[in-house]
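Encoded as structure tokens, the following chain is the form predicted on its own, with no partner shown.
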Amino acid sequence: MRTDLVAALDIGGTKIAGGLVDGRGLILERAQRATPARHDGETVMRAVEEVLADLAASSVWGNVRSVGIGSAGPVDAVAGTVSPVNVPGWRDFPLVERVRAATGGLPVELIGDGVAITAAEHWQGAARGHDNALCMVVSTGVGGGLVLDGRLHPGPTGNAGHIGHISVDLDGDPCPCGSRGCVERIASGPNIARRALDEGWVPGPDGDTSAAAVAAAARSGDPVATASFERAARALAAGIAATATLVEIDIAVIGGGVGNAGDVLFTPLRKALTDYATLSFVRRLTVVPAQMGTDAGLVGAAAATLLRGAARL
């Protein structure tokens, strides 16, 4: 029996992942390339085309009826363009048009990567059953998306819920987005590591300076590493509380590499949230780890296409 499929793309500053996804959210085929983020736009697009070509070589490609893209942003779903902060070669890049051409004219749905992860977590993950939720990815950057009144809320251009670029420190460091003191500038993995190094943290013998290494040091009791994660947790708490106050979410789901730090992040985050989420209608806000793991972007990109026009996710 034939099952219609979605070709899903998850495009970030580190990797371009692709998959063929069915209506149950199962990924039947996979392909991946490293993102040549520091190269020109056409070089990045060739990597996307290579991923699509790998998927098209599958025996089930003939069942693909549409393409869903979750891309680092900002994106413009109306114009079909992307301008990822961490991919300088793509500025107003016509990604929808180019993917449509590469797939022989298939319909293409574009959303931000944070919105894609939100779609996945609400469909099958930690936000399932919640009508009002914020889902976040905290990794190389910080992205997010919203579910309001039981429906995915991408906004007019596909960027709604992009919590990473809410300013939580008016006198903070400049952010690549052009603002100052953004959540991302404080709580993303590279910025957690940068802060720890600036404050005197000394990496281990292997010289690993990643946020994962800082998390390991914090778990071992290193005070500088712990302080860097606590600072990130406060920034996240401030952004989450502001979002909850604005739109009355009742759960915040956090995934991504930094989210995988576990109690090193979640313990100070939940504590800080009590200082920021103080109004009566946001005090019951809960923060939980994501459940969909590294597949969230692909499953969410597919969900946005599979469930387009449906009343609820």
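Note that residue numbering begins at 1 and tracks the sequence as displayed. Just so it is clear, the model here is predicted, and its values are computed rather than measured.
The same protein also has a form predicted in complex with a further copy of the same chain, omitted here; what follows describes it.
- Contact annotation for the candidate site: R128, A217 and G262 all lie away from a further copy of the same chain in the predicted complex (no heavy atom within 4.5 Å).
- Only one of P74, P203, P107, P88 comes within 4.5 Å of a further copy of the same chain in the predicted complex through a heavy atom, and that residue is P74.
- Site annotation in the predicted complex: the residue of Q124, N159, S139, T103 reaching within 4.5 Å of a further copy of the same chain with a heavy atom is N159.
- Residue contact check for A225: none of its heavy atoms lie within 4.5 Å of a further copy of the same chain in the predicted complex.
- Using a 4.5 Å cutoff between non-hydrogen atoms, V168 counts as a contact of a further copy of the same chain in the predicted complex.
- Using a 4.5 Å cutoff between non-hydrogen atoms, G178 counts as a contact of a further copy of the same chain in the predicted complex.
- G155 belongs to the set of residues with a heavy atom inside 4.5 Å of a further copy of the same chain in the predicted complex.
- Only one of 53 to 61, 268 to 276, 27 to 35, 254 to 262 places residue heavy atoms within 4.5 angstroms of a further copy of the same chain in the predicted complex, namely 268 to 276.
- In the predicted complex, R231, R234, A235, A238, A242, T243, T245, L246, V247 are the residues of 208 to 247 with at least one heavy atom within 4.5 Å of a further copy of the same chain, listed from first to last.
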